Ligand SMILES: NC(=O)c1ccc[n+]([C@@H]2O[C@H](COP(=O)([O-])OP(=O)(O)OC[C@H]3O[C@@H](n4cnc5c(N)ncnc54)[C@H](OP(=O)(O)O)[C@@H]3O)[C@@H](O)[C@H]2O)c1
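Given next, in structure tokens, is a single chain: the form predicted on its own.
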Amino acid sequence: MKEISGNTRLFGILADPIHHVKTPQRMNEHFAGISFDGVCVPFHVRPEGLAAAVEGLRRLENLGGVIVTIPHKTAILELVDDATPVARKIGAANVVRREADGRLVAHMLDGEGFVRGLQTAGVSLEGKSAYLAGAGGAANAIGFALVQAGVSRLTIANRTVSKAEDLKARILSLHPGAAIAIGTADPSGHELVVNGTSLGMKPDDALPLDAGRLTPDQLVCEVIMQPRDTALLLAAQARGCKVHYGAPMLACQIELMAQMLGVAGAE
């Protein structure tokens, strides 16, 4: 068992509820793998206590930073000193680095984690056409990351069209040359099909798109980790599509989070 000493660098994850989080386990495995003297622990913070908790984090001299998850990803931006342009445009952050002087800097890695998961699986995004179901939560970050990764065009499809229009406008404000369209439930005509919604976590969820329009030349991707085989992925496989599971998104985010938090040895 790892020995924690006065030299150990501290990290945390802010969540409410906290019992379900898996990030501390994965982060501590990562620390062990690169022989880094650090430990990540869960911090259960309710929304009404977030501001006070964040103020306290500034005072912890041996704190490297925190990971932020539901329901704090949006609220955290009002409590930090600085945030990356992407995090500001997305309107949410999921990692906060504490600088030596106590300043807190936020970034959003959901999208970058998703993209790196695809790249790790050997999928090149440059020049590909992409269809994204959803325009809130993880889909926000994924939309920015797909454009950043060089997709030739991005179609955003959301039940509430105004949210898709809003996401399009925010992406274009950072990437004015991007080709972005507002779509329907029909994902045909795209090489990459991404479910960026939470539809599929429950057995009775509706499908996030018209799976009957999928074709075998498409790669269908999930952000959902449990269940591993969502109804969408099963439907996609039945139509001869290749699929990409949700788990690599978290695995790759761990590496990216470690880099953002200034962990020595993280690449």
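Quick note: we count residues from 1 along the sequence shown, nothing fancier. The shown structure was predicted, so the numbers you read here are calculated from the model rather than taken from an experiment.
Keep in mind the form predicted together with the named molecule is missing from the figure; the text below concerns it.
Residues placing heavy atoms within 4.5 Å of the named molecule in the model of the complex fall in a single listed stretch, namely 152-160, out of 75-83, 152-160, 178-186, 118-126. Although the partner is absent from this view, L250 contacts the named molecule in the model of the complex, with a non-hydrogen atom inside 4.5 angstroms.
Heavy atoms of L60 never reach within 4.5 Å of the named molecule in the model of the complex, leaving it off the interface. In the model of the complex, at least one heavy atom of D110 sits within 4.5 Å of the named molecule. Proximity of A145 to the named molecule in the model of the complex falls outside the 4.5 Å heavy atom cutoff.
Although the named molecule is omitted here, in the model of the complex all of G136, L199 and G246 have a heavy atom within 4.5 Å of it. Contact with the named molecule in the model of the complex, judged by any heavy atom within 4.5 Å, is made by just one of M27, V223, L233, I67: V223.
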